[in-house]
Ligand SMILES: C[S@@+](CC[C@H](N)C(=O)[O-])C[C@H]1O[C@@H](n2cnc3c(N)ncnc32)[C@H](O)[C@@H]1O
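Coming up is one lone chain in structure tokens, specifically the form predicted on its own.
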């Protein structure tokens, strides 16, 4: 969890994010961070080297049937969540903006059925439009500044297939005032954008992660 990382790592993340934002490249800092980690997952604030417990909780509760279905993991990091979905039978594509992260995934899971690929949250592969029964977005939007967030949401929503599901994990703020970050929690106004783009919110479940940090697992359907 970001709040539990050493102060020097938190400061590094903030400085990287600010520097790349100033260069109008709000996601470019991710590969720098992965490369600087030099194979040490402890230097990647969100890396757990296991499936996110909230995703496992959703799997246990919802019992999704993956056989014959496709799934996309947005900003897959080191791959643990993608592997969990693949074990359910989904045909999984997992992308990350950071080539170092994708190489790391392939090294960790050399025999994986997951299609790990470098991709841009702002410009996904056009062949992905409407192609995925499940799209999983975990804490990537909150790592983008407010000024870039709507563009990312508008790119993600079209990837959900008819009758498909978008599963979102995010920090939440109860005001439209711009937050300090990273991470930058999402507001209700920003979450409304998913609905404006044609998705229906089916479930919203709060979960704690870090003292004083409100977070939600939100399930949308097309």
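Positions refer to the first chain, counted from 1. Quick caveat: nothing in here was measured; it's all calculated off a predicted structure.
Not pictured, yet referred to below: the form predicted in complex with the named molecule.
**Study point:** Per-stretch contact check against the named molecule in the predicted bound form, the hit in 190-198, 173-181, 30-38, 158-166 (non-hydrogen atom, 4.5 angstroms)
**Key:** Of the stretches listed, the one contacting the partner is 30-38.
Check your understanding: Heavy atoms within 4.5 Å of the named molecule in the predicted bound form: does residue 120 have any?
Key -> Yes, residue 120 lies within 4.5 Å of the named molecule in the predicted bound form.
Review point. Can any non-hydrogen atom of residue 139 be found within 4.5 angstroms of the named molecule in the predicted bound form?
Key: Contact with the named molecule, yes.
Check your understanding: Heavy atom to heavy atom, is residue 95 within 4.5 Å of the named molecule in the predicted bound form?
Key -> Yes.
Review point. Going by a heavy atom distance of 4.5 Å, is residue 58 a contact of the named molecule in the predicted bound form?
Key: No, no contact at 4.5 Å.
Practice item. Go through 144, 105, 85, 135 and name the one with a heavy atom inside 4.5 Å of the named molecule in the predicted bound form. Key: Among 144, 105, 85, 135, a heavy atom within 4.5 Å of the named molecule in the predicted bound form occurs only for 144.
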